[in-house]
Structures are given as C-alpha cells and as structure tokens.
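Just the one chain here, the form predicted alone, laid out as structure tokens.
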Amino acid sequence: MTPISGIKMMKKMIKLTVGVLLLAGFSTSAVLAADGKSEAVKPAAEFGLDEIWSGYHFAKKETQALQDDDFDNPGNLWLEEGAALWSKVDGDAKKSCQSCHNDASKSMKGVATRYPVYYAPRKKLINIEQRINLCRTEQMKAKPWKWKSKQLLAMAVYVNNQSKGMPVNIRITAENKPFWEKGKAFYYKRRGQLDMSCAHCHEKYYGKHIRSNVLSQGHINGFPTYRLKWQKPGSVHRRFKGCNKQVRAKPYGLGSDEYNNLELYVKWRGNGLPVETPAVRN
C-alpha cells in the first residue's frame, strides 16, 4: 500500500467511526419538549415506541413556520401545478384525471391515508405515484411520468394534499401482510458499511442530534415532502435511497418492490398521525 492510499484509508475509517458515534448520541441531548403545535399519538400496535410524533415535531421552528404558512410553504408551488395538471387533457384517450375522478377534494379524500395498497393485477403493492402512472397509461393512454419529474411530484403532492389533516390508517390484511412482513424485515436489518438498520436512528436514537439535524422517528405522513436540502419536493422512495447511502449500503431503485414494502411498514408505524403534505423538512 502506498503512503497516499494509506492516508485515504485512514480518513475513510475516521469518517465512518465519527458517523457511528454521532448516531449513537454521544454528543447530543434529547429535544422532545412539546412544541404546542404537534401532538403525540399512542401507537395502535407494539413496535418499540410508546408514543409517536410527526417529523414536524423535530423540525426547527423556522422550518415549522414555513410549513404552517400557506403563502410561504414552498411545496405549495407544486400543489398548484398538480391542481392544473388534474384537469389537463393528455394521451390518445383525450382524458384528464378529472374526466374519471371529477372533484379531487371528494374523490381523492382519504386516499393518502391508506396507500400503498395491494394491486391484484400485479400481485404486489403499488404506491400513489405508481397508481397515478397506471391511470395515465391504462386510462388516458398517455406516457408515464418519470419518478423525479415535476409532473409526477406535483400530482402526488396534489393527491396526498386532499387528505391533509386526516389520520394515517393503514390496515393489514391477508393480501398485504406478506409485503408488510418484508417491509418490517427490511426496517430492522443491519446493512451497509456502518452495519445499521432504520431502527437505529428512528427508534433507538430519535430526538438526538446528528451534526446539525435532529433525528426524527422516521414517519412519512408528510410525503412527498419539500426538503430544504433538495430545494424541491421528493418522494419517500428518494428518502429511503438517501438513508441507504448514508449507511454506505447499496440503494434500491425508485419504485422498487423493496421500497414499496418498506413504505407500507413505515406508513403503518405512523397510524394516527395526520397527513401533512406538503410538509417541509430540513
């Protein structure tokens, strides 16, 4: 090994060690004081948390203020775009979303509280983004939108927003339970060079600082979420992918079965929390 490669290896090991110490909470203190705006919810099932909090509770006051103000919330730009796309005719069938679903405030109300769902034709789970694209390809005879496209993000924000304030209500059935089990196994499996699971951050050390951020319980009731880091909304699958990278694990693809299973399990963990889309996070 050359001196240069040896130095690079030492730097890499130092970074990994510091990352583990930070996640273990060595330089942190819990920040779980009530903020007067969010409320804890008693989980309906046992999974390691006595009470659950939205990520809003762990956000900085300035970030909370952005989310609370409809004029300042940057995610509302995508909400407006989604509203425009709802009635836009597209595809060979010359249809819009409105052609089949009419008033979104009525037809889409409650949808975000129960997705992802089991889709019999594919014999697996689909989430809201995939349901939107299925409607485009099968009903509108239009091209599917790309996962990170402004159109798909805007429509996903718009559809989820119709359930804003309603409690998440994921029900485990005979059809979706096998996928829920896979999502649970994913959540607790150690992975990557840091040998960490989702539970390490979001169940064991939530409320503690990792550098300048505070670890939340990892609930997804605000997705698609506008992240200040991204300067745009992003899907929960994008967030899953980022988490995998942070523990030095190989991420799965956006829209993958693995992330759909994880989405179902994590969404279920947040049962009772209100839908917040578009939420704002760091």
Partner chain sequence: MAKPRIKVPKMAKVGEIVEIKSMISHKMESGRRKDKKTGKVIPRKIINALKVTFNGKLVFSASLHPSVSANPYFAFDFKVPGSGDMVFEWTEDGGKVITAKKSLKAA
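Being a predicted model, the structure only gives us computed values, none of them experimental. Positions refer to the first chain, counted from 1.
Not on display, but discussed next: the form predicted together with its partner chain.
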item: Location of its partner chain contact in the model of the complex, chosen stretch of 71-79, 105-113, 119-127, 159-167 [non-hydrogen atom, 4.5 Å]; value: 71-79
item: R191, R131, K150, K95 - the one with a heavy atom within 4.5 Å of its partner chain in the model of the complex; value: K150
item: Non-hydrogen atom contact Y226 with its partner chain in the model of the complex at 4.5 angstroms; value: yes
